[in-house]
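The chain below stands alone, shown as structure tokens; this is the form predicted alone.
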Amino acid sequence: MWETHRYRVSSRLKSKLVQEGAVLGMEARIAVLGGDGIGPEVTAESIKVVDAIGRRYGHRFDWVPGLVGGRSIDERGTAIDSDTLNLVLGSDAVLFGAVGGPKWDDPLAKVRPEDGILKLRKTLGLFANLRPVKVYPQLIDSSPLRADRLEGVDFVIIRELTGGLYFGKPKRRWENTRGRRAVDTLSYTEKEIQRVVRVGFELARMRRKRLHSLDKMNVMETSRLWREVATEVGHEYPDVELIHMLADNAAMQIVTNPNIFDVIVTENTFGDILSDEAAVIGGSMGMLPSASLTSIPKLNGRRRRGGKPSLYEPIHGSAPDIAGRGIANPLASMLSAAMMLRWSFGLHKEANALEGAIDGFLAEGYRTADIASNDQVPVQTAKVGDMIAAQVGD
């Protein structure tokens, strides 16, 4: 599976693709960090469909595997080692699966699988995490929310990814005569806020020109700074409507009135929680992709020479209870791969083709176990990959 694929395109197809404005003959080296649980299963299917894209459009993809998470702890004693980090730094993009599982859940453990993804985010400077939330018409019945609240829902949550509670110091636990204690520190600088808010404004400009900035300025100093800086940056984007909203109010609006949102930008912890909540309105976490970026997104493609790669992963986690059973939903991973084609490589035709194939798969009534109704026979993980690959290869 881990091979370099080079495909030839017929002159007739090449002429057609050129007329369509496609990029031809692109080469890319992609680090594949499958991780734990269902991570390797879903990334394998994404590789399958991207290779089908390569056959159709004449691109070359070099897939290079690396260890991360619990598997890396077991084999190398750390959640990610220098070999994997060097592999990533030498790649054009990273396709990530998931990390974690009960085997490594000891709260007293000094090394945890999640340390691997946190280290990657910090090393690569992946400060902006884009999580699209799209309700597919075919899956409205899979959501616990009323159908009339879901029609046309299509927004993006941008989560600040390298600051806040997950990285602030001090972070420790201890015990004294009064008992056990622990502390995490929520800290943000002006520059950290500015850069992620700018990503929000830039993306809103590409969409419906509405940006919700979420905070808890009524009780938190960091949120007061967040709102102040967001307002200042907003003066640079007079064409984009900036709406401040408290994060707890946004949590309610996401499930009662999600159509009000276009682009949301918020700090690390709020973004983590709210994007997982938003998965409910789409019917399953197995449908939500993400992209972790190193810079403001551009429509014209590949990262600058010498820059660090961006990372693409589904948000669903490792789901160890279903690992190895062939029932995992690989669509979120495939949608993440489509984001990779678009944001890292500028392959918009190819990304559209992959997303269109997923739309077609759902429109034809096929379902994976997490989104199937009681009377439906779910499609197995590998079969989903086969079907989507066949469609994008046509």
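This is a predicted model, so every value here is computed, not measured. One-based numbering along the sequence shown.
A second form of this protein, the form predicted together with nicotinamide-adenine-dinucleotide (NAD), is not displayed here; the remarks below concern that form.
**Student:** Honest question, do Val135, Gly283 and Leu362 all end up within 4.5 Å of nicotinamide-adenine-dinucleotide (NAD) in the model of the complex by heavy atom distance?
**Tutor:** The answer is no; none of Val135, Gly283 and Leu362 reaches nicotinamide-adenine-dinucleotide (NAD).
**Student:** Looking at the partner-bound form in the model of the complex, is Gly125 within 4.5 Å of nicotinamide-adenine-dinucleotide (NAD) by any heavy atom?
**Tutor:** No, Gly125 stays farther than 4.5 Å from nicotinamide-adenine-dinucleotide (NAD) in the model of the complex.
**Student:** Would Ile243 sit within 4.5 Å of nicotinamide-adenine-dinucleotide (NAD) in the model of the complex, counting heavy atoms only?
**Tutor:** Taking the distances in the model of the complex, the answer for Ile243 is no, it never comes within 4.5 Å of nicotinamide-adenine-dinucleotide (NAD).
**Student:** Could you confirm whether Glu267 comes within 4.5 Å of nicotinamide-adenine-dinucleotide (NAD) in the model of the complex, counting heavy atoms only?
**Tutor:** So Glu267 does not count as contacting nicotinamide-adenine-dinucleotide (NAD).
**Student:** Is Asp321 close to nicotinamide-adenine-dinucleotide (NAD) in the model of the complex, meaning a heavy atom pair under 4.5 Å apart or at it?
**Tutor:** Judged by the heavy-atom cut-off of 4.5 Å, Asp321 is in contact with nicotinamide-adenine-dinucleotide (NAD) in the model of the complex.
**Student:** Just to confirm, with a 4.5 Å cut-off on non-hydrogen atoms, which of Ala278, Val94, Ile117, Ala230 contacts nicotinamide-adenine-dinucleotide (NAD) in the model of the complex?
**Tutor:** Checked against the cut-off, the match is Ile117.
**Student:** Which is the contacting stretch out of 232-240, 151-159, 136-144, 312-320, given heavy atoms within 4.5 Å of nicotinamide-adenine-dinucleotide (NAD) in the model of the complex?
**Tutor:** That would be stretch 312-320.
**Student:** Which residues in 78-101 have a heavy atom within 4.5 Å of nicotinamide-adenine-dinucleotide (NAD) in the model of the complex?
**Tutor:** The stretch 78-101, when checked against nicotinamide-adenine-dinucleotide (NAD) in the model of the complex, contributes Phe96, Ala98, Val99, Gly100, Gly101 at the 4.5 Å heavy-atom cut-off.
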